[in-house]
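Before any questions on how it binds or moves, here is one chain, the form predicted alone, in structure tokens.
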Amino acid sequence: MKKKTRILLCEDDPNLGMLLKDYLIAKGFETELAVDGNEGLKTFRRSSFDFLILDVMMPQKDGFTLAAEIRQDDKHTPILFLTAKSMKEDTLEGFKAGGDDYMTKPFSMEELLARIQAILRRSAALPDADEVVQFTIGAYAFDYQKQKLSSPGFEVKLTTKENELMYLLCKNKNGIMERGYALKAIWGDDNYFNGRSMDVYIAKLRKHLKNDPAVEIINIHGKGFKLLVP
């Protein structure tokens, strides 16, 4: 029997909180509700969760602060922010705090469910937090958990997006990492803007790998990218 996905919901509006909790339970998720940021942090630390939904505007501790504190211990559990504001600065703040996505109130329950399922699908493409994932790529060693790429006399700490792209390239090394799959796994959507963003990160990875001429990331036209390793 498949284990139920456990969700921690932090929402200070008691009516909305109970409504969301009941809806998620009806959809097959085990859901715990916390009514402010402090309670949310305590609940998170005393149990294990597969998904976090954090309201941004909460008393005691706002959603961004809570997410940043959670990310000190846990880099992987997906976080979805609920915000009453649609300001661009807020969304950027949320991603900086380690969020995976955000929704602006009011929203439909169906949209919330679709977002949760999309984020869970893409997080499943990447390793679990406690999985040891290391690759040797020519002269380089890549450690996914430490977000580190190194070779003799060289070491770089990768950003989260660089790290996840590097993982998918290594997992498919000498084979094709499909563009759409990588975009959905890492960005959650294969739209044009995310595609341009991915191209920027691929260019950064090429720079990091330039010390070994035998290692190369090549474009496969219309399909994706291939990490060539001898």
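Predicted model, so just to flag it, every value in this text is computed and none were measured. All residue numbers are counted from 1 along the displayed sequence.
From this point on, the text means the form predicted together with a further copy of the same chain, which you will not see here.
Novice: Counting any non-hydrogen atom inside 4.5 Å, which residue from E39, E178, E32, D50 sits next to a further copy of the same chain in the predicted complex?
Specialist: By the 4.5 Å criterion, the partner-contacting residue is E178.
Novice: Taking any heavy atom pair closer than or equal to 4.5 Å as contact, tell me whether K184 reaches a further copy of the same chain in the predicted complex.
Specialist: Although a further copy of the same chain is absent here, K184 would touch it in the predicted complex, with heavy atoms inside 4.5 Å.
Novice: Taking 4.5 angstroms as the cut-off for heavy atoms, does L19 touch a further copy of the same chain in the predicted complex?
Specialist: Outside the cut-off, so no.
Novice: Does I25 make contact with a further copy of the same chain in the predicted complex, using a 4.5 Å heavy atom cut-off?
Specialist: Answer no; every heavy atom of I25 is more than 4.5 Å from a further copy of the same chain in the predicted complex.
Novice: My question is simply whether A125 lines the interface with a further copy of the same chain in the predicted complex - judged by any non-hydrogen atom within 4.5 Å.
Specialist: The answer is no: A125 has no heavy atom within 4.5 Å of a further copy of the same chain.
Novice: Since the CA distance of F107 and L183 differs by 3 Å or more in the predicted complex, is it closer or farther than in the form displayed?
Specialist: Farther apart, which means the C-alphas of F107 and L183 are at least 3 Å more distant in the predicted complex.
Novice: Knowing the shift is 3 Å or more, I'd like to know if the C-alpha atoms of T65 and G188 are closer or farther apart in the predicted complex than in the shown chain.
Specialist: Those two alpha carbons end up closer in the predicted complex.
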